[in-house]
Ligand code: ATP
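There is one chain below, alone, in structure tokens, taken in the form predicted alone.
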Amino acid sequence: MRIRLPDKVHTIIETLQAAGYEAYAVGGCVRDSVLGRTPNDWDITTSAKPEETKRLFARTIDTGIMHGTVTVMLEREGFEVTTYRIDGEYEDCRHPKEVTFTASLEEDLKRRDFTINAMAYNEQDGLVDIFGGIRDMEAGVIRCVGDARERFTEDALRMLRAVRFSAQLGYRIEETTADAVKRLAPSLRRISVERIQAELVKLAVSPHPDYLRIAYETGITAEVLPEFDLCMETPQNNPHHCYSVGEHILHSMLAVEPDKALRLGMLFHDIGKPQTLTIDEDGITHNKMHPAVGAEMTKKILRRLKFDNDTIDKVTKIVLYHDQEIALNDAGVRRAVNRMGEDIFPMILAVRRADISAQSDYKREEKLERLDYIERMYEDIRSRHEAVSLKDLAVNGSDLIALGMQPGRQIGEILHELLEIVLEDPSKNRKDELTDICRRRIKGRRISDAET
């Protein structure tokens, strides 16, 4: 098998080889190349020790020199070059306490997580696949290198990575590997939330976000996202639904594009349903106020997982507004865009379509027709450039001050009054019209003040 190495990777490998050392591209870049994908980055493994690598290249960075890693810089592009190593004892379920450099490529590959990530390549020797990575790729299997319990004991995050690779590639997790996850999932508590968050996002935006089900079945979500477990265990005995809350969430995630905010919005849109579950006298389940409850829960969960503020804001709004009523007229749509936000409203439309797709057939056609009508009105509003927020008004605070108003809260109040008028009737969004309204408002306020 031949892999086309980038020129700079070839140069690094050839330089190391010319100096008498072994060197190979290794890990994910080899896996992706075999799959016909373009790797995001290229890692190189070598028999050269860090100081030996440093002597061969004009510019290097000591990225992780204690663990054998040096970043070689070629024309402002960095490539990690790591010495063959054997990892010592792991004390924190994530990093080895110490490493021992070795002259054996096999020993280096032996310490890696999965067979599909334990392949090496150079143009001289071709593909080095000691642990059956190609075989497992052909079979569509995620399998640990060696003993799965040892690999997960060394680095607990590998359990979540197994599910993430499964979701990205559409592979199943080999039985003994899955059994080891079930046994060792509680050790994920020792992994930093930032690492957990990164893996969850990669899983969520993968081609198979519904493989989060595997994380549930193996006990991973019980440790990192227990609120989802409650959803998987909450039934929906309701004409509008045909799945449990959790299964509905998983099916809905498949129905939106792989955008971070959208996929997370679908993951959390019904997270408040277990907490709001009621059952009426006919045995029908209801979940009143679940968007508001879910929005508060979502904010707390995303903060716990240390997401950035922009993601927290967007996803929380998606959860809050995903089921909110929108009046079937232009004014109603304009008000909804104003209320939800111009950046959020298009997401809400996508979320509602995905939500409907993951429900039962009950009134589905009617729901989709309603949504189509709202989308058409929204597109017409956009094409006419109608005002939906204060920034779209034909007047601003400076205009009101020019009319004689004193800077302060009243200016904001009047601008919001004007926006309400324009949301109802966009033809009034003209400077002369709004200025005239302002004059009347100001005059009315002065008379009122004089009378008091």
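Residues carry their position along the shown sequence, with the first being 1. Here the structure is a predicted model, which means the values were calculated and not measured.
Just so you know, the form predicted together with the ligand exists too; it's not on screen, but the next bit is about it.
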{"item": "The ligand: the contacting residue among Asp41, Glu417, Glu386, Glu52 in the predicted complex [heavy atom, 4.5 Å]", "value": "Asp41"}
{"item": "Listed residue (His208, Lys273, Arg164, His322) with a non-hydrogen atom within 4.5 angstroms of the ligand in the predicted complex", "value": "Arg164"}
{"item": "Proximity to the ligand in the predicted complex (heavy atom, within 4.5 Å), stretch among 104-112, 135-143, 353-361, 325-333", "value": "104-112"}
{"item": "Site test, Gly28, Arg31 and Asp155 vs the ligand in the predicted complex, non-hydrogen atom cutoff 4.5 Å", "value": "yes"}
{"item": "Heavy atom of Arg370 within 4.5 Å of the ligand in the predicted complex", "value": "no"}
{"item": "Partner contact for Arg382 in the predicted complex: the ligand, 4.5 angstroms, heavy atom", "value": "no"}
{"item": "Interface membership of Asn117, the ligand in the predicted complex, 4.5 Å heavy atom rule", "value": "yes"}
{"item": "Close approach of Lys202 to the ligand in the predicted complex, 4.5 Å, heavy atom", "value": "yes"}
